[in-house]
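The data below hold one chain only, encoded as structure tokens and taken in the form predicted alone.
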């Protein structure tokens, strides 16, 4: 018998919001609404909403399939069609879902795209993924090319390059698809709401500075980022969600409570860790429970920045609408170079008083996994704190070994405890 995971109010609300969005997509052909397929990193949700277009995000479809136990079947079908085992499993899951009727998580068929909008932000796989979708759907395609932050900063020329594409390529394509003229005031209003929601999200993420942390910024964090990273950024629904989320977390702080885990509230915080890399979706609850059973709370994570590095200072700006969209795309985590990512991890280790760093390396996600061992070693050198390394996959259950991961986590937390216990003796013996 499977026991339902415990959820807090915000988790239940975001689940309802996303379900209602998929239901709306399921009715799109009858309602006459049009949709644009795009990706999470660098998505232009506010711009799409300014044209009354509905966003569809293939990564969200894939992770939902993984959590619902559908991904094994979908990946197997894609591999039978000739897709390699080494291809990103998000891609194979999405292709398998498409070939199986394109049924979304609410059991309704998703509409075919009226436009494929590729915002390229640090992942070459996105290019090939949309080539495959273009072959399948025969849909018009527009690409927003986002330069890589090779030197660790956004330059004026990079910003101007992206803005020029928005003006001359992306917006005209959206006008053709929607049949509507671009309304910059409508976009400004979307961006104003985005910035307010981003303020509340950052407050929530930074609440993990408290002891005990009222949130888990990795497992719990994926629920918190759901609305803002997917289809709701810039909407009134997002504004209300993040206001209520902030109030909920403030209440937990006032009561001295830790985060809600799948088995209920965490009674005692024993370890505080930073996690680099995406989670595993096919065994998400089991993965989370391994941390909770050790009394480990993830106080900061890089995955929850893949759709926007708001806690590093970025906000959408209604006074600079197109420039703001450009800066957003340029600043997504997967578009940062490795030294900058190391700086971010070291900042999190210090800011959140973490005991150590854990890297969850995903077999089929090169945009995250490339360079992770070098990053791990550099963070260890700079902070002197214990680091650990885990491996599985995004949505391919064949690559999640529960026993192996559990053993590694237990060994890692034993090491953290031993190093922490030894620290006072080392300090006492120092001259």
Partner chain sequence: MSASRVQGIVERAEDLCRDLRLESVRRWKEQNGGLAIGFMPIWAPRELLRAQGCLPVGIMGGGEDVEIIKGDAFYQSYICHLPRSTIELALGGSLDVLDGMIFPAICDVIRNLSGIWKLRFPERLAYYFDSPQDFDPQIGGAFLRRELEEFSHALVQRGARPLETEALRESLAAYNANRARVQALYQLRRDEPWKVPTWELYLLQRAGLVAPVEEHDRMLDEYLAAIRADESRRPLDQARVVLTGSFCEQPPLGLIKTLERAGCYIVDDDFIQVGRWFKNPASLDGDPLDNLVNAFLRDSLESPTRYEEQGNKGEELVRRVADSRAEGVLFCTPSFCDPALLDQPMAVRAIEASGTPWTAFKYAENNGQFQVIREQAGTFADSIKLFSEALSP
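Positions refer to the first chain, counted from 1. Here the structure is a predicted model, which means the values were calculated and not measured.
Keep in mind that the form predicted in complex with the partner chain is missing from the display, and what follows is about it.
Peer 1: Would you confirm whether the three residues 23, 102 and 109 all fall within 4.5 Å of the partner chain in the predicted complex, going by non-hydrogen atoms?
Peer 2: Heavy-atom distance to the partner chain in the predicted complex: none of the three under 4.5 Å.
Peer 1: Looking at 221 to 229, 81 to 89, 346 to 354, 300 to 308, which lies within 4.5 angstroms of the partner chain in the predicted complex, counting heavy atoms?
Peer 2: Checking each option against the 4.5 Å cut-off leaves 81 to 89.
Peer 1: Looking at 134, 289, 315, 192, which is the one with a non-hydrogen atom within 4.5 Å of the partner chain in the predicted complex?
Peer 2: Selected residue: 134.
Peer 1: So which of 247, 267, 175, 160 gets a non-hydrogen atom within 4.5 Å of the partner chain in the predicted complex?
Peer 2: By the 4.5 Å heavy-atom cutoff, the listed residue in contact is 160.
Peer 1: In the predicted complex, is there a heavy atom of the partner chain that lies within 4.5 Å of any heavy atom of residue 125, even though the partner is absent here?
Peer 2: Residue 125 belongs to the contact set for the partner chain.
Peer 1: Is residue 252 part of the interface with the partner chain in the predicted complex - any heavy atom within 4.5 Å?
Peer 2: Looking in the predicted complex, residue contacts with the partner chain do not include residue 252, since no heavy atom lies within 4.5 Å.
Peer 1: Could you tell me if residue 209 has a non-hydrogen atom within 4.5 Å of the partner chain in the predicted complex?
Peer 2: Residue-level check for residue 209: no, no contact with the partner chain.
Peer 1: Can you work out whether residue 261 and the partner chain are in contact in the predicted complex, taking contact to mean some heavy atom pair no more than 4.5 Å apart?
Peer 2: Judged by the heavy-atom cut-off of 4.5 Å, residue 261 is well away from the partner chain in the predicted complex.
Peer 1: Taking only heavy atoms into account, state which residues of 144 to 172 are within 4.5 Å of the partner chain in the predicted complex, ordered by sequence.
Peer 2: Contacts from 144 to 172: 145, 147, 148, 150, 151, 157, 158, 160, 161, 164, 165, 168, 169.
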